[in-house]
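Below sits a lone chain in structure tokens, taken as the form predicted on its own.
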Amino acid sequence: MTVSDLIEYGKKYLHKQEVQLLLSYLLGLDNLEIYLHLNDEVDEAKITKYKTMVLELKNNKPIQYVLKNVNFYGYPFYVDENVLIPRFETEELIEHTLDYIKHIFVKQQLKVIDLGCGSGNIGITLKKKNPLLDVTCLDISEKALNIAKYNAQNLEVDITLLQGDMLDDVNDKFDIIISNPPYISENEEIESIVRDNEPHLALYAPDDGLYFYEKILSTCSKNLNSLFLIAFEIGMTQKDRIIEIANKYLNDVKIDCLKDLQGRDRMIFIYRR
């Protein structure tokens, strides 16, 4: 089969853009280059892989899991069904966190812990953008930590990896806690492509999705230095409840809620400066 044949095969089942993404990945070409190679013969191994990938997409598997890759903040992260697919809103969380770091702290060498790190996209990206940060990535899932380890090695950053249930067994102190924890209510309806593919451990939380915010905020004082920043990604209806929880457990703090680019309340920053 030629590249042209593969395009026609893929278009029977998928959108043209999906076909281009698969072929770009498989052939190591960008989207425009594909059309300069329409008559090239493709070897059997790649044809078989391509048809398998087409079938996976046809059956509602996210393209990030099919390609085992997602571009996050300009960096390539390996992802599979053991970790959440990083989203653009989390890039916004990192962007604002970097700004808060500049305005809150005088010292440059800060200790950061990323709770529920999944693929490691948050902690690793922070380390890439600010190499002076001492970053720890923690997750309860050993499989997720193995993926975070791979991504750290691939992106050439030195981080610490810990397995645990949030801060339960953590004794060190940190300047920054950052987390995109599970925050979807257990009875909330979500897109089938997310519900049927991404790990429920990373999606759902008890208590209307607030369980992990309270778990972190109720115990974090023992792990924070006197000046600190806590950065959360949140569900768009959870702002008021999370602010209540923060005020319940932390004194003398300032709390900001920021909107994402679509105008939704999606980030909370709790800090003492």
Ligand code: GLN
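Sequential numbering from 1, following the sequence displayed. Note that the coordinates shown come from a computational prediction; the quantities given were computed from them, not determined experimentally.
The same protein also has a form predicted together with ligand GLN, omitted here; what follows describes it.
Quick one: which of 114-122, 99-107, 151-159, 167-175 gets within 4.5 Å of ligand GLN in the predicted bound form, going by heavy atoms?
That would be stretch 114-122.
Leu133 within 4.5 Å of ligand GLN in the predicted bound form, heavy atoms
Contact with ligand GLN, no.
Ser185 versus ligand GLN, in the predicted bound form: is there a non-hydrogen atom within 4.5 Å?
Ser185 lies outside the contact set for ligand GLN.
With the partner left out of view, is Leu145 within 4.5 angstroms of ligand GLN in the predicted bound form by any non-hydrogen atom?
No - in the predicted bound form, heavy atoms of Leu145 and ligand GLN never come within 4.5 Å of each other.
Are any of the heavy atoms in Ser141 no more than 4.5 Å from a heavy atom of ligand GLN in the predicted bound form?
Flag for Ser141 set to no.
Within 181-207, which residues come within 4.5 Å of ligand GLN in the predicted bound form, counting heavy atoms only?
Stretch hits, in order: Pro181, Pro182, Ala202.
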